[in-house]
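Heads up, the chain below is alone and in the form predicted alone; it's given as structure tokens.
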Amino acid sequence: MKKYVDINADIGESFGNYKLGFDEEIIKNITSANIATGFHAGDPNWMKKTIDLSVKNNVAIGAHPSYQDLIGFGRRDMNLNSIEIENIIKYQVGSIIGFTGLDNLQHVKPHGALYNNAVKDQSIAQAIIKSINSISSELIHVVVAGSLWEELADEAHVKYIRETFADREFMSDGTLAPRSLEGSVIENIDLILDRTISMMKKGKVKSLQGDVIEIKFDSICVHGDTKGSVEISKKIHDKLKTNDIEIKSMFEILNANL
């Protein structure tokens, strides 16, 4: 059976005069872009530049909303209720729709602490799902593979893609290892490549604690701020192709699975 996978990256995270990441290079090796929407990074000018860059490289566009935390890069927790979470997502997704139009927006993937909280907090995951679905039932929800969030998206009958990570370790319960733990971010390119192909072919991965856990996913995220991210994204792209794994956007994968 033919295997398909999407490669996504968080880009558009520059702000004002500050240039972050290597968007112009990493864009060549991905099929879906998660573009910062101003609350953790990015601004209107960088959003427009990043959208234009994505269009030029035929990369599908997604919104990357977060808690309103520029100083903490969206990685600090905030005690928001469900209505507040729905509203910050609508606000940020609306900002990118202003540039792309709704029909040209493929997906929504929350960022940082908001993303991590949705894995373990039912009310937060449901607020995210409700908010995205209220904008359009055609938008793809990016959820963590094997999580409570995935279960809730499935129960809500929304379009969703299951995501995993090439350059991050997992805990034995399937959640991402916190960045505060030593070794949680993988920088060894050979290890990243071996893990990626193993996950694709075997549907399994070894956790940071040494347990082998099952994982079923549709998209692989490469972090733009990981050391050597451009080289990592290119080698993952090439390694998948040499292993006869077809690289498609999230939209194309969902259609292929119909």
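Predicted model only: the values in this text are computed from it and were never measured. The first residue of the sequence shown is number 1, and the count goes up from there.
As for the form predicted together with a further copy of the same chain, it is not shown, yet the points below apply to it.
Although the partner is absent here, Phe39 lies within 4.5 Å of a further copy of the same chain in the model of the complex, judged by heavy atoms. Within 4.5 Å of any heavy atom of a further copy of the same chain in the model of the complex lies no heavy atom of Gly203. Taking the partner from the other structure, a further copy of the same chain in the model of the complex has a heavy atom within 4.5 Å of a heavy atom of Phe15.
Looking at Pro178, you'd find every heavy atom of it more than 4.5 angstroms from a further copy of the same chain in the model of the complex. Considering a further copy of the same chain in the model of the complex, the lone stretch of 118 to 126, 143 to 151, 168 to 176, 87 to 95 in range is 87 to 95 [heavy atom distance within 4.5 Å]. Between the options Val55, Ile213, Leu191, Leu70, the residue in contact with a further copy of the same chain in the model of the complex by a heavy atom within 4.5 angstroms is Leu70. Residues are counted as partner-facing when one of their heavy atoms sits within 4.5 Å of a further copy of the same chain in the model of the complex; in 159 to 182 not one qualifies.
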